[in-house]
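First comes one chain, alone, set out as C-alpha cells in the form predicted alone.
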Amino acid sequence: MLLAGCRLSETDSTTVFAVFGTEVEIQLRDTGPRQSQAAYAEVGALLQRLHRELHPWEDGALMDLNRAIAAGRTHETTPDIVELIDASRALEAATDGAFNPAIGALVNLWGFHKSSYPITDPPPAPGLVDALLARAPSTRDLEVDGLVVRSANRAVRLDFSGIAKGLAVRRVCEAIGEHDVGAAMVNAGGDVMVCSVGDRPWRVAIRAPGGGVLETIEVHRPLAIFTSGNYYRYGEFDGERYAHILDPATGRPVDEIMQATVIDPDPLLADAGATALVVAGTDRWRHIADSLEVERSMVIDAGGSVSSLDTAPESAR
C-alpha cells in the first residue's frame, strides 16, 4: 500500500510502502518524475507480492509450504522461497545453528507470530518448548528438487523473518536497476540497502537501542546495513521481559546482546548475520562474524558496551 510520495526536488524523490510489518522507504536521486513513478509502481507491486508470499503466519506461499511439511507432503513452492531455503541452509551451517529459520513452530509457541507488541500472554511451559526442541527442526531437513520441497522432519516450520527483508531489498534494487534512474537507496524500517551511488554519497544512520543514533556512516558504493535487536519486539509477563529472538539451541529468548549491526554488500548476509550475532552472545559473536566473513559487525551487550569487528579491505572503507 502506497502511504506517501513526495518530490524533494525536481530530480530527488521519496516514496513509502507499508509491508513486512514496517515502512519501506525508497529514495531516488537524479531521476525525472516520470522515471521515478514507473520505478515506484514496479517496486510497490514487488513488495506486496513478497509480503504475501513470505508472511510467516498469514495465508500465502510460505504457509502453504509449512502446512505441506507438517502433513508430510511434498510441495511445489516459489523461486524466492527456494532461494531463501538455499541461503538459509548455508547460513545455518556457517553460524553453527545460530541462524535457523526452521524453528517457526518455537516462535509461534512463544506467541511471537503476532503484529502487536508487547506480548502479554504467559510464556510457554518448559515441557512444550523442550518437546519441540527434541525434534530438532533444521533447514538441513529440507530436500529441494527444482521448486519441489519436502522434509522428513514434520517439526520444520519455516519463518524467514530474519532474512526476508534482505531478499526484499535485493529484489527492489534489481527492479530499480531496470529503470532509467540515478542513485537509489532502500530503508526497510531502519535496515538499509544502498543500491547505487551518484555524485553524492549516501549518509546512513545506525540506530541506538531505544532511539537516537549510534553512528552515521558515508556510503560510496552498494552496501547493506542491517540491525537486529531484542528490545523492540518482546513479551512481558508477571514483571519479566523476554526478547522475541530465540536461540535455536535452547528454544528460549536470548538476553546477552541487546543489538547487533552487520555491514556487507550482500543484504541477505547482513540481515541473517545481524540476527545470528544477537543469538551468538558475548562469547561467540566474533567467531560467527569471522565465519560469515562480513565486512563489519558491531554489537551492544546487555550492559550497553559497544564492540566492533572490521574486516573490510582498506579500499572499501
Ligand code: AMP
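Keep in mind the model is a prediction, meaning the values are calculated, not measured. Residue numbers run from 1 along the displayed sequence.
We do not show the form predicted in complex with the ligand, though everything after this point is about it.
The stretch that touches the ligand in the model of the complex, counting heavy atoms within 4.5 Å, is 275 to 283, out of 275 to 283, 261 to 269, 47 to 55, 32 to 40. Residue contact check for P137: none of its heavy atoms lie within 4.5 Å of the ligand in the model of the complex.
In the model of the complex, the ligand stays beyond 4.5 Å of every heavy atom belonging to A183. Proximity of N100 to the ligand in the model of the complex falls within the 4.5 Å heavy atom cutoff. The ligand in the model of the complex is not approached by T77, whose heavy atoms all lie more than 4.5 angstroms from it. None of V192, L246, I176, I81 but one reaches within 4.5 angstroms of the ligand in the model of the complex through a heavy atom, and that residue is L246. For the partner-free chain shown, nothing in 21 to 59 comes within 4.5 angstroms of the ligand in the model of the complex, judged by any non-hydrogen atom.
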